[in-house]
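Okay, here we've got a single chain as structure tokens, the form predicted on its own, with questions on binding and movement later.
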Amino acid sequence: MSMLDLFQWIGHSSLGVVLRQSTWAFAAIEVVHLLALAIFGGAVLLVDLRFFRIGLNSEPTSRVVRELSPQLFGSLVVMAITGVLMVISGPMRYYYNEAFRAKMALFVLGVAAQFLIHKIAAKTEFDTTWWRRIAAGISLTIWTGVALAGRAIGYI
């Protein structure tokens, strides 16, 4: 089964039809998606700013990462579920959208990078400033790309 076949099947599924025909379903799902995004983005920003030594300097990096991990993981799960529901509501629109494809590629890269960086940071204290700054810079760059690509979906 190709990706096109999968997206077509999703569009014809009963859930896809219900979401597409509903007046408020997409809006409600998007609100929850954006709230989860705000929580996720805030947690990522706090960790990355800590890596840059901007804010939360009295706390060890490993503690900041450990304390924010539940928010990162929980909001990521909610974003993934609501994101899938948004795609189900109009899969062919997303299938042909280059911004959506870019967002998904960057999203996968961002999740992998974020959790790898966090796993390392939670176990050890980064003593080298350059490593912290590179990790934070990579993270912020990827997540900014995800946000810009996500915003572009509606315009392409």
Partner chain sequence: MSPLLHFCTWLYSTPFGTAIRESDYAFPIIETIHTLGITLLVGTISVIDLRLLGLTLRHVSVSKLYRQIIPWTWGGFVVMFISGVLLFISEAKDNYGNPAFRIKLILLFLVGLNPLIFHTTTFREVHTWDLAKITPVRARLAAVFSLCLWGGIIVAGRIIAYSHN
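All figures in this text were calculated on a predicted structure; none of them were measured in a lab. Numbering follows the first chain given and starts at 1.
Note that the form predicted together with the partner chain isn't included here; everything after this is about it.
Annotation: in the predicted complex, residues A27, L37 and L45 each come within 4.5 Å of the partner chain through at least one heavy atom. In the predicted complex, the partner chain sits beyond 4.5 Å of every heavy atom of A105.
Although the partner is absent here, V17 sits far enough away that none of its heavy atoms falls within 4.5 Å of the partner chain in the predicted complex.
Although the partner is absent here, I134 lies well away from the partner chain in the predicted complex, with no heavy atom inside 4.5 Å. Although the partner is absent from this view, A112 stays clear of the partner chain in the predicted complex, with no non-hydrogen atom inside 4.5 angstroms. Just one of I120, L49, V87, A99 comes within 4.5 Å of the partner chain in the predicted complex, counting any heavy atom, and that one is L49. Contacts of stretch 36-63 with the partner chain in the predicted complex, defined by any heavy atom lying within 4.5 Å, are made by L37, A38, I39, G41, G42, L45, L46, L49, I54, G55, L56, N57, S58, E59, R63, listed in sequence order.
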